[in-house]
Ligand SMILES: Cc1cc2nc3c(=O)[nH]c(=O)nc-3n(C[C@H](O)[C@H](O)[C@H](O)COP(=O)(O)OP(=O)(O)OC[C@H]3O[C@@H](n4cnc5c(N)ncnc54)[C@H](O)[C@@H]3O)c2cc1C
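Take a look at this single chain in structure tokens; it is the form predicted alone.
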């Protein structure tokens, strides 16, 4: 039976990016995906690389900013290794709050020119806009390139067969069991996003023993506390290619332009379990909110609508690092920030797994915090 140095559960952008980083160090990697690689939350994401302090938890700020700064290099590397083009846009974001921002915020995030010049088609908002020096990326381009780059680097893939359990032998990770087979490895990383908490474990004493009860062998097994948070979104073809040039974000809706003239309109946050159905009334509300911002979008043609499942956690922070079970790691729960945090997550987790120095403080994101909360 083949043994890999690391098995990664989940072929979204987090798992793919980590696989690439591990392959750089010579680690053999197998990525196990329940469906088609890259077709869950990564496929459904908007791609805003938003690291603004008012919109993310303070404990996540340093990691988010560091990851955003890595993006040009991250994209260049993926393009180079995959031969694919990724739409990374540096035009910035217009943030419109539901109240006047304080004077300090306006001074620190001034518009580079008038709002009418920046976005001629935008209705004058009730409150001043802030300009954020953010980027946006097309997650579907990004994920396709990451899949190709991982293959180029020599990562192995298993698709269409869900992981049912982490195999634990003598209290340590020993691989994964899927619906059809087993894959052996002393390192397993749960990058399964909203599905991370669905994965159980098989505990054994000795390699030839039958599974035994948890209380005898694996009381320290970490059940990843993620849940799905549904987000609905639609994509339109703008009547003019550059009708909207910047990302525009308000409390009710956000607009994300692509370089080919498409515009994403999103997105909801719904506690709906694993339901990925779109609701016409919800999509209409999003469209109307977009029309209130940019009336000319009335002439936009709807191309696509979808719903994705973000991985939420009890405290809205990702779970990064080792679990109480030796050899079993988690890199999940990124909620709305999986695309943004992919580069820094990959580098940090690869350092942890390989025993190197992690340059970023991950103490706020460890699995142990949930045991402390439970106690």
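Just so we're clear, the structure is a prediction, and the values are computed from it rather than from any experiment. Numbering follows the first chain given and starts at 1.
Not pictured, yet referred to below: the form predicted together with this ligand.
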With the partner left out here, check for me: in the predicted complex, does some heavy atom of residue 317 sit within 4.5 Å of this ligand?
no
Does the 4.5 Å heavy atom contact test between residue 51 and this ligand in the predicted complex come out positive?
no
Is it the case that residue 46, even though its partner is missing from this view, gets within 4.5 Å of this ligand in the predicted complex, heavy atoms only?
yes
Check whether residue 195 has any heavy atom within 4.5 Å of a heavy atom of this ligand in the predicted complex, and answer yes or no.
yes
This ligand: the contacting residue among 130, 199, 283, 115 in the predicted complex [heavy atom, 4.5 Å]:
199
Candidate stretches 62 to 70, 317 to 325, 346 to 354, 27 to 35, one within 4.5 Å of this ligand in the predicted complex by heavy atom:
27 to 35
Each of 162, 233 and 310 near this ligand in the predicted complex, meaning some heavy atom within 4.5 Å?
yes
Using a 4.5 Å cut-off on heavy atoms, what residues in 258 to 281 are near this ligand in the predicted complex?
267
